[in-house]
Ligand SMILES: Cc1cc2nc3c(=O)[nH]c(=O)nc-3n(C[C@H](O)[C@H](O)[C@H](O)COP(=O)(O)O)c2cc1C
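Okay, so here's just one chain, in structure tokens, the form predicted on its own.
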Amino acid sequence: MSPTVVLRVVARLTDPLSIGGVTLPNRLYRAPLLECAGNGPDAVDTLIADLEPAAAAGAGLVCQGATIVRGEGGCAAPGMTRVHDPDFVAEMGRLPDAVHDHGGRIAIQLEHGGLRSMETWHHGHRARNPGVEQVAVSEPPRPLRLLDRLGFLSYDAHVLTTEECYDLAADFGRSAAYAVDAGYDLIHLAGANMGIVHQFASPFYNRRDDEFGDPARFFEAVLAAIRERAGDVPVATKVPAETEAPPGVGPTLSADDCVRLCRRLDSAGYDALVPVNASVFWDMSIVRGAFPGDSWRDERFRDGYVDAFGSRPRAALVAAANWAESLVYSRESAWNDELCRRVRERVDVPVLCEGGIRDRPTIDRLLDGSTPAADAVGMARPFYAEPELPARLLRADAGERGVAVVCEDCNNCVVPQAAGEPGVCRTPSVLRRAGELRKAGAYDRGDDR
């Protein structure tokens, strides 16, 4: 039987889009980023300060970055927000209110890091939290066990039983229900970038012989838990292809595997899909771009790197590996373009595309080219330099179609997050250009409301 081909009418960036019954006013979204807001008394104010500007500038959808569904363990980086406590999530309701005041919609991304969590890689965190249990889909793969023997990682992982897999899915469902009660419009699963949902999908991580050995099964269990506890809220998920894994490392998810998984998740009832190419490791395949040498050399972050990696020599080795990866994973424009196009041809639900999208001509090509790749497009790191970036991109309909972000993909915003620093642009030339645009009124929303 030949594969199903789904035909759609091409769209413009300013056209509305319906996802599971929720209408976005346009097709530009702020993709999930690490806000590093934590759960302290200023957490909600930090989230509002980080996310409201995108809505004020006209983004149709604002995605809050990965939030952890359990009260202990599971954080992939310092400062991640946990959403296991209904009282805290209720207080977070001030953020959806702020986004809604500007006519936008907001999603919350739910996550658990599994073998990518700080309790495996962050030296200081392990020392301060010796009782935190590591959880895994299966025994850590051989390459990770080698890094354990070399002292860069530390594995003493508890492999989840079948019942515990359902318990973890229920945690996603409970956190989703808290978020819906707080006013969030959509739930977004961190189904890629090596979190535990990705690990369930990946043959590199998943060698189970029960029902959860099926790469789609945990996605289905999480969706069922969300439907049971949070009703018919729209649910989107990232879906991984491990096409960027180093040669000889495997088994991995191919692009074909990703397409098949997306078709399965469409049938299961997911309301939107975000296909992404990456590796099986937490590496520069996720962000790409230049080696962030300025951040590695910055003395302000040195103690944080030592705390994270255990010593200055180990931090230097991590920096060297980061440099080597930058040579392999140079930034490509819209690097998920072809994967998204293949998925979009075979599913009925909206396909969202992100990764290396940096200018309005690329956005238009993805949305309304001869073979559209996506129903909506997102950007992430450029928002660190331009919190009100949508105003420029949306106004390009008035004749400024060459508009591009000021972000230089230098990655100096990313590396300090391992040291517990917030994600902000630290590159003077980029900040100077954003300042010039602000003085010129480029971020005024104008008449596009």
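Bear in mind that the values here come from a model prediction, so they are computed numbers and not experimental data. In this text, residue numbers run from 1 along the sequence as written.
A second form of this protein, the form predicted together with the ligand, is not displayed here; the remarks below concern that form.
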Next item on the list: Using the partner position in the predicted complex, report whether Asn193 sits within 4.5 Å of the ligand, counting heavy atoms only.
Entry: yes
Check: Does Glu119 make contact with the ligand in the predicted complex, using a 4.5 Å heavy atom cut-off?
Finding: no
Check: Heavy atoms within 4.5 Å of the ligand in the predicted complex: does Val287 have any?
Finding: yes
Next item on the list: Using a 4.5 Å heavy atom cut-off, state whether Arg70 contacts the ligand in the predicted complex.
Entry: no
Next item on the list: With the ligand left out of view, choose which of Ala308, Val197, Met379, Leu366 has a non-hydrogen atom within 4.5 angstroms of it in the predicted complex.
Entry: Met379
Notebook entry, point to check: Pick from Leu47, Ala391, Val414, Ala419: which has a non-hydrogen atom within 4.5 Å of the ligand in the predicted complex?
Noted result: Val414
Next item on the list: Name the stretch: of 216-224, 157-165, 352-360, 321-329, exactly one has residues whose heavy atoms fall within 4.5 Å of the ligand in the predicted complex.
Entry: 352-360
Margin query: Using a 4.5 Å heavy atom cutoff, which residues in 29-65 contact the ligand in the predicted complex? It's fine if the answer is none.
Written below: Ala31, Pro32, Leu33, Leu34, Gly65
